[in-house]
Structure formats: C-alpha cells, structure tokens
Ligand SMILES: CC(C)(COP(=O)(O)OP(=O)(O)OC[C@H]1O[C@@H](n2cnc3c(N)ncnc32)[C@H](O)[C@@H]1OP(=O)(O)O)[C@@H](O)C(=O)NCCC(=O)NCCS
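So this first bit is one chain, no partners, the form predicted alone, shown in structure tokens.
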Amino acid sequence: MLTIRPAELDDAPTIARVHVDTWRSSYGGIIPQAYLDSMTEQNRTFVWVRLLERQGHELITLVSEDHNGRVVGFISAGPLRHRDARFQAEISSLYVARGFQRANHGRRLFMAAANRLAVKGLKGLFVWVLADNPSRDFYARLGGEPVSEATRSFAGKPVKELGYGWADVPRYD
C-alpha cells in the first residue's frame, strides 16, 4: 500500500538519496554533468536536515512510501519564495525514484501537499520546472498552466525554467 506521511528528521538521508538519484537520472544532458556529479547524498542530507528542522513552521515536507515502507518520493512546499502577486504558495521540490514514477506517488504527494497549503489559507500555487524536464507535463495534467519563464545558470550553463501556476491552491477529497 502506498503511504503519504510527514517527513521526519530521520528521513533526511533517504530523501537526499532520492533527490540525487532523480536529478542524475532525469537531468543528464539538461544540467551540466559537473553540476550533477557535485551533488552527493552527504551534502544533500545536510541540506535536508536543515529544511526538515523547519518542518511544520512554514515548510511542508511529505514522503511517499512503497508497500515495504521504503521512502520512494518526497515533496516540499510552503510560502512562495519570490514575488508574484498571483501566488502565495510554492512547491519547491517533488521527486519520485525512477522505478516508482507513474505509479501515483507524485500525484498523491502533490494532492496531499496542496491540501495542507489550502488549510493554511495560502492562495494560488506555483512551481518551477526545467523546460526540458521530460516529466513537466505532470503539472499540466494536474491543472497547472504555464505562467512564467526564467533562465538560471547551472555550472555556467543557462537553463530555461517554466513556472506553472494554479489561481487557487487545489483541494482534493
């Protein structure tokens, strides 16, 4: 059975592993290899420990477990990190391990986080997605519409990102 639950501090190493593995398997050829190679489970674990310590204040981090109780995906969301009057909430990370993609982990993580953001009273939801991300249509299937574009530098290479938005934070029953 697929389980969605709040992330705990002890989940940081597993979240870091999913984070690094999905970036390496999904973004090769999009993000410079030197950047991908510089990502390690150790440095990502440190980042996730710091983020999870903020869990519950502003940040929502949820994990998805497979039927064996292994963390195979995660989502992190909270208040918008940039200025845009249309949106108050943002998904900052949503990753599912390669062997578990297209098995409802991502969709259920999105829905659970959106529900929690809506309960907090935040209006409008936003997410940045790499334009060349092969899974970017996931957000369109959930009702997101392209609303912004930006170019960011990863290891000196300009990479285009698309912002998807929802006028209201979706609620799911």
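Start at 1 and count along the sequence shown; that's the residue number. Model, not experiment: these values are computed from the prediction.
Omitted here: the form predicted in complex with the named molecule. The next part is about that form.
(message) I need to confirm a contact call. Of 115, 104, 33, 148, which residue comes within 4.5 Å of the named molecule in the model of the complex, counting heavy atoms only?
(response) Going through each option in turn, the one that passes is 104.
(message) The chain here is shown without the named molecule. Which stretch in 131-139, 33-41, 47-55, 117-125 comes within 4.5 angstroms of it in the model of the complex, by heavy atom distance?
(response) After filtering at 4.5 Å, what remains is 131-139.
(message) With the partner left out here, check for me: in the model of the complex, does some heavy atom of residue 87 sit within 4.5 Å of the named molecule?
(response) Close contact is absent here: in the model of the complex, residue 87 is far from the named molecule, nothing within 4.5 Å, heavy atoms only.
(message) Within 4.5 Å, heavy atoms only: does residue 94 come near the named molecule in the model of the complex?
(response) Judged by the heavy-atom cut-off of 4.5 Å, residue 94 is in contact with the named molecule in the model of the complex.
(request) Evaluate residue 14 for contact with the named molecule in the model of the complex, applying a 4.5 angstroms cut-off between non-hydrogen atoms, and reply yes or no. (result) The answer is no: residue 14 has no heavy atom within 4.5 Å of the named molecule.
(request) For the stretch 17-42, return the residues whose heavy atoms include at least one within 4.5 Å of the named molecule in the model of the complex, in the order they occur. (result) Result: 22, 26, 27.
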